[in-house]
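For reference, the chain that follows is the form predicted on its own, supplied as structure tokens.
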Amino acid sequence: MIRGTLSSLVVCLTPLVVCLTPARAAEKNGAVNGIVKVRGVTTAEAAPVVLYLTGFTEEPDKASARITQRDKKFVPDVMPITVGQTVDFANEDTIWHNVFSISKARAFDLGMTKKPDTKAITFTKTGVIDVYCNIHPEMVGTVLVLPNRAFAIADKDGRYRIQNVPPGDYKMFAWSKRSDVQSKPVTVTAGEPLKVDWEVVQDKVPDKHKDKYGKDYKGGAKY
């Protein structure tokens, strides 16, 4: 028996082609959710944990992501995106910043900026992009460039949910700045949520970094 109203179905007039509503299409995909327990640090000290799947590629979100320079911090300081996506770096401080990266996957230098300047960078390769300010060594950010949109950041209670994942066998990862990367094989089934819990030990101290010229910051780098 078919339940529901006609308004819940959309049929194309083109022969042999059936269009699915977004809700109907989502039924063909699965979801992954769970809890991340962080050990080794207090809740206030815990670094964001990014959960993501690899094994398939996906078009990036057409909308740009945004990282703000505010109060001498990157907000957010961890930004997962899909390869091919653009990130807007916006300076909301009334002081100068010089955002840069020397990471192999995407090196760039935005030059000197001040409120309300915004500059955009498109990331065309997967990888971990370390982002700094050439003026303020305490400013440390990360752009995590991933092959698809199957990712999420655990919330303050450790909960996460990754939706609209195509059915299949994949490798799943838990990543944070202060821990070793963990991985697990997972099998995603259409229309069924998969529960995957994690325990992450954050015991790594951030590496020291130099300015964009490879020199120590004046007064000594804090990292």
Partner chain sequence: MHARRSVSWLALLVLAVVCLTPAAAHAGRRAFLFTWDTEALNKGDVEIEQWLWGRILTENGPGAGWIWFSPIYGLTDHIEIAFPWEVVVSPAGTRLADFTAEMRIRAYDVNDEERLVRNLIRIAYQQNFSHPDNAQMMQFTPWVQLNVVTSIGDIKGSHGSLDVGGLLALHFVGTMAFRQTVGLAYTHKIADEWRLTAEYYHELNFGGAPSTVRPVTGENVYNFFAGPSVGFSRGRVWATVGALLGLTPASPRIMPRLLFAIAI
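Small disclaimer: the values here were computed from a predicted structure and weren't measured. Residue numbers count along the first chain shown, from 1.
A second form of this protein, the form predicted together with its partner chain, is not displayed here; the remarks below concern that form.
Taking non-hydrogen atoms only, residue 128 never approaches its partner chain to within 4.5 angstroms in the predicted bound form. Taking the partner from elsewhere, residue 83 is found to have every heavy atom lying beyond 4.5 Å of its partner chain in the predicted bound form.
Among heavy atoms of residue 111, some come within 4.5 Å of its partner chain in the predicted bound form. In the predicted bound form, its partner chain sits within 4.5 Å of a heavy atom belonging to residue 98.
Taken together, the three residues 28, 159 and 161 lack any non-hydrogen atom within 4.5 angstroms of its partner chain in the predicted bound form. Proximity to its partner chain in the predicted bound form, taken as heavy atoms within 4.5 Å, picks out 101 to 109 from the listed stretches 87 to 95, 144 to 152, 74 to 82, 101 to 109. Residues 211, 212, 213, 215, 218 are the ones in 202 to 218 with at least one heavy atom within 4.5 Å of its partner chain in the predicted bound form, listed in sequence order.
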